[in-house]
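Okay, here we've got a single chain as structure tokens, the form predicted on its own, with questions on binding and movement later.
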């Protein structure tokens, strides 16, 4: 009976794929988890309780049908499992690797208390890798071609998810990105030990094979204007993400050797891709042999500390103003970092940076968590007379990201920007203040997770499809309407 394969959580312990030893993985940038074997994946999938209220699905931003593809995996029906998994997620092989499952699906598994959650992310990765190995993953083949074209600004997860969804409906889709590779932060921000770059590039090739036109090294506002794109396409999606490093004020903050997290991670990833990176080669963004201090407690901070370890840093410390239980990053990532030798300074905040010609230390203050603030989190309070110094040769600021300080995005007149620098949209239609120009992902919501960008991209594609259908219906027979609604020849 198929039911006999489920409900095994009472007798089968939670088990992750084999994790490489810390000493081994410290020496390279390879992914730290090995693949599940077929029997292991089926066994772990069979721990699912098939509960009536799947909180794992509710707490997934994409509302993936997790119990269904776990059941299919337990039954050995992997091609069907992939079909169910990919029906709601454009990048299951990526989300299975980098989503903070301990805060989302796995953290809300109903069997988590006492029995530990099902290893949802690892099974998701296994399903998709099996699908690629067996040739089940195919390029998009729309049932019919539409004449209308769409321009998408930004080749990150949100833009690419929207591109695929619109291509499935037959639109002529063009993606414009300022970098030389598609993927955004999945290529340049996330280290290889979490997401190997050939995984992202494999997906980008698949999208291109499905008829999506990829335009690299295109900077909107300089290479081409937003108005020019609006004239060329029937609708536009802005999905550029946010890249400006969040900063803070402290004495010595401008000293050489204090670097933004994204600059550091981008240099490391570019080097891994085989690019020439002068700032890495001259040591400015290379942690080799250095005492490194990373400031922050999110997933970006974890990426930085673990990258520094692999680059051969002399020591790596992480300073965070709250305690372990209150840090925003994945607890699994913290545990991996500790195994690899990172020293966490909990309840500590930087007070000043020391040094003359270059940073030589970070003076910190100890923190006490006081009463909860308006968000429910305990407010950090400095303990008087608690200062201490951490010696360092490199300090990395990993405090999150904000939109650029621009009154006008791309210099375009009429495109409204919020007081936070994000693009202002009508949340019912996801359209900006410019007709036919939509926006989604971090450029609207602020810095967030890849899985939320995918969700926003999918939602934007649906809103754009509705808009384009109305636009086509309003045009005279044999003609389509341009961005202003005027009829123009379909040719």
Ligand code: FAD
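Residue numbers count along the first chain shown, from 1. Worth saying up front: this structure is predicted, and the values here are computed from it rather than measured.
Note that the form predicted together with the ligand isn't included here; everything after this is about it.
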| message | Between 309, 319, 218, 327, only one gets a heavy atom within 4.5 angstroms of the ligand in the predicted complex; which residue is that? | response | 218
| field | Partner-contacting position among 262, 390, 359, 140 - heavy atom within 4.5 Å of the ligand in the predicted complex | value | 262
| Are any of the heavy atoms in residue 205 no more than 4.5 Å from a heavy atom of the ligand in the predicted complex? | no
| said: Contact with the ligand in the predicted complex for residue 448, defined as at least one heavy atom pair within 4.5 Å: yes or no? | reply: yes
| message | When the contact criterion is heavy atoms within 4.5 Å, does residue 257 count as touching the ligand in the predicted complex? | response | no
| query | Any of the heavy atoms of residue 344 lying within 4.5 Å of the ligand in the predicted complex? | reply | no
| task | Heavy atoms, 4.5 Å, the ligand in the predicted complex: which of 131-139, 379-387, 234-242, 309-317 makes the cut? Say which one. | result | 234-242
| Partner contacts for 281-316, taking the ligand in the predicted complex and a 4.5 Å heavy atom cut-off | 300, 303
